[in-house]
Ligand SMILES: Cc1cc2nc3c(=O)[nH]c(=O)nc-3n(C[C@H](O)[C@H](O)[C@H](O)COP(=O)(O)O)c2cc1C
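Just the one chain here, the form predicted alone, laid out as structure tokens.
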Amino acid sequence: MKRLFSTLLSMLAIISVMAACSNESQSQESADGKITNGKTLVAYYSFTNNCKTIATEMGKQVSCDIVEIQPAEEGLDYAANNYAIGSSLISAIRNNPSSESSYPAIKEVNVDVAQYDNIIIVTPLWWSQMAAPMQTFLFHNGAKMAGKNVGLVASSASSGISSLVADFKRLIPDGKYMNESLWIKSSQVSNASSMISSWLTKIGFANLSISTAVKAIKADVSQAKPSKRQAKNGQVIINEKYDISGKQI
């Protein structure tokens, strides 16, 4: 009897050590900014539809919720007069980046970033900076992304994105930045699928297959209240017009 009791204690000790090692490994992976097997949000702003195309393609490769950031004022032609409106908005932010009044108003975004483990921002470049509407979204939500795995996908005609990356880190000061940003030029948008796939592999998303993620979501759905997720051939499909809880965006 004593021998059996001793054996059981030894087994429990081994299991405890294995669990501790597993937790340590997971913590290290998260600290490195790799995407975890959790909920993912893709937030995008798009004027020419390039970033919309990129975000849509991202949604085909990653199990995620997608939200669009939109200016409060509709119908603005940012391209008019050599992008005079966009240039003015960017100048206002540059002059006083800590003031809320410097950022243009956007439509309400009905999303709680706190419920996501991974957040990917898809945005165009404006005058060497992050597009103003996306800066507004991050100005209000960046602090809530502290400790989250955050990634950046940027689009521009030809200019480099180093200043845009600086805006990204300024607006999300305490995020766990994924180890590489993705730059897709306007001329490369037609090839976005393969570029996104390669990027996901580099940042550690390759081991999180869509089928695995869908199974995880299905498990959550089985224990949750009915939502507006759609089902097709037994697979759960998240409509980009709804957030993870089924609430319309």
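We number the residues from 1 along the sequence you see. As the structure is a prediction and not an experimental result, all values here were calculated from the model.
The same protein also has a form predicted together with this ligand, omitted here; what follows describes it.
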Residue stretch of 121-129, 137-145, 168-176, 103-111 approaching this ligand in the predicted complex, non-hydrogen atom distance within 4.5 Å
121-129
is_contact(residue 51, this ligand) in the predicted complex, heavy atom dist at most 4.5 Å
yes
Would residue 186 show up as a contact with this ligand in the predicted complex if we use heavy atoms at 4.5 Å?
yes
Does residue 86 make contact with this ligand in the predicted complex, using a 4.5 Å heavy atom cut-off?
yes
Examine residue 63 and determine whether its closest non-hydrogen atom to this ligand in the predicted complex is within 4.5 angstroms.
no
Which residue, 96, 162, 158, 81, has a heavy atom that falls within 4.5 Å of this ligand in the predicted complex?
158
